[in-house]
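Quick heads-up: it's one chain on its own, the form predicted on its own, in structure tokens.
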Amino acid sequence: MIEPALASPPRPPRLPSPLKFLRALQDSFISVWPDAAYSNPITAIRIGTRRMFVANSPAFAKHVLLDNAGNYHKTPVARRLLAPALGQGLLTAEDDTWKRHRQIVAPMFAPRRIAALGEAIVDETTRYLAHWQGLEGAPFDLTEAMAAITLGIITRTMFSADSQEETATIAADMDRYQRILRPSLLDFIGAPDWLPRPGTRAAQRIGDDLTETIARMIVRRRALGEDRDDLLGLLLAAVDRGDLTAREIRDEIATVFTAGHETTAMTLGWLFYLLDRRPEVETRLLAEIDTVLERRPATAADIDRLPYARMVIDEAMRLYPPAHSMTRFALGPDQLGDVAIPAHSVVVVSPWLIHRNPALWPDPDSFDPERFSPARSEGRARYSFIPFGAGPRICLGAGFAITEAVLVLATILQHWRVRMVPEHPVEPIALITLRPRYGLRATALLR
């Protein structure tokens, strides 16, 4: 049987002209790459006096993200785009600020803590699924549904909140932020920061709204007059010790929502889209879940007993990595293979491209969870699969995200099958995260 083609942006036959390239980047960061960029170890692009290099091999990715990571900072464009919402959080901070923040936040994501959150993850998923009972067969937006589940999870696990009032407002603001703020042509030609860019004022207003909402969340917690063993409690304790400022705690809370809420929601949305394309994969996954769980709720202890579920999730993140691209600014000159990297160049390490490189992944555009079986994973280069980044800046929440994805997936599939609405257009678009441009229309059918 011929597998239906998976959703992908149109690929140009060659790199567009500089002006068309920049305009395409404004719309979606993954829509500019021709076939050659998926297979070439390195692609060089010149835009006026600016140089950009796409590092599309495990060795080059490792060099940029690990071996010579000190030479590569976040690009000025990325900082400008993210700063109004995320300030100097872990996604945007550099050097000593980044190290200090990471040391403070890291204990929240220790394996022992993550395992203890399993029950809350399943409870929140089950609570949300009650909404589907009276809607069987009615179309809905799948990404919005998955975002509602992960919002409930992050509200409860990271902030111990019974109400989603503030967290729902933060999530809605971040959604608006992604939709309005795009890179400007001025960014790519090196224009000074004082020149106004489209969307900048609106983005700053959203950033101000985020500040006010997070301040209310902190006031509500302080009013309780008690310590809680969650992320918010960890951050407030750091403020009390003088290790974080009030502005820094605001930035980290906003960052957690971007990195820990939407990314898992998008992964789950794309995963159900893929299962709809391959019924035999879904059948095998259901058999594993039913055999292991035997109708009881899933727990964190079941993660290792659901290896095929993990393989399915990994393959979904290979095809549709939420963090689709990592851009870095070369502080000094460097060398990638035979190619000289001048100082102040931009180097792109793109999971979207590396995960679809035919030299690394046979038949790269097909959905095949067996790629991640132990036999086929043996000998695979570490940096050929980097959905959470790599090197010192690898995502702190990777373990939490995998635990959450496995438990949410198992809980849903114990009771429901998700079917995509036929003929609804599906196209990935690369904003801050990899989203479906037109959403994912689906129906839920009780098993």
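The shown structure was predicted, so the numbers you read here are calculated from the model rather than taken from an experiment. So that there is no doubt, residue numbering starts at 1 and follows the sequence shown.
Absent from the display: the form predicted in complex with a small molecule. The rest refers to it.
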ask   = Taking the shortest heavy atom distance, is P34 within 4.5 Å of the small molecule in the predicted complex?
value = no
message = Whether I394 contacts the small molecule in the predicted complex should be assessed with a 4.5 Å heavy atom distance threshold; does it?
response = yes
ask   = Do G260 and the small molecule come within 4.5 Å of each other in the predicted complex, heavy atoms counted?
value = yes
query = Using 4.5 Å between non-hydrogen atoms, is R156 touching the small molecule in the predicted complex?
reply = no
task = Please determine, with the chain shown alone, which of 134-142, 91-99, 334-342, 237-245 has non-hydrogen atoms within 4.5 Å of the small molecule in the predicted complex.
result = 91-99
task = Could you work out which of M317, M146, I121, L86 is the residue within 4.5 angstroms of the small molecule in the predicted complex, going by heavy atoms?
result = M317
inquiry  = Considering non-hydrogen atoms and a 4.5 Å limit, which listed residue (V418, V54, A401, L409) is close to the small molecule in the predicted complex?
reply    = A401
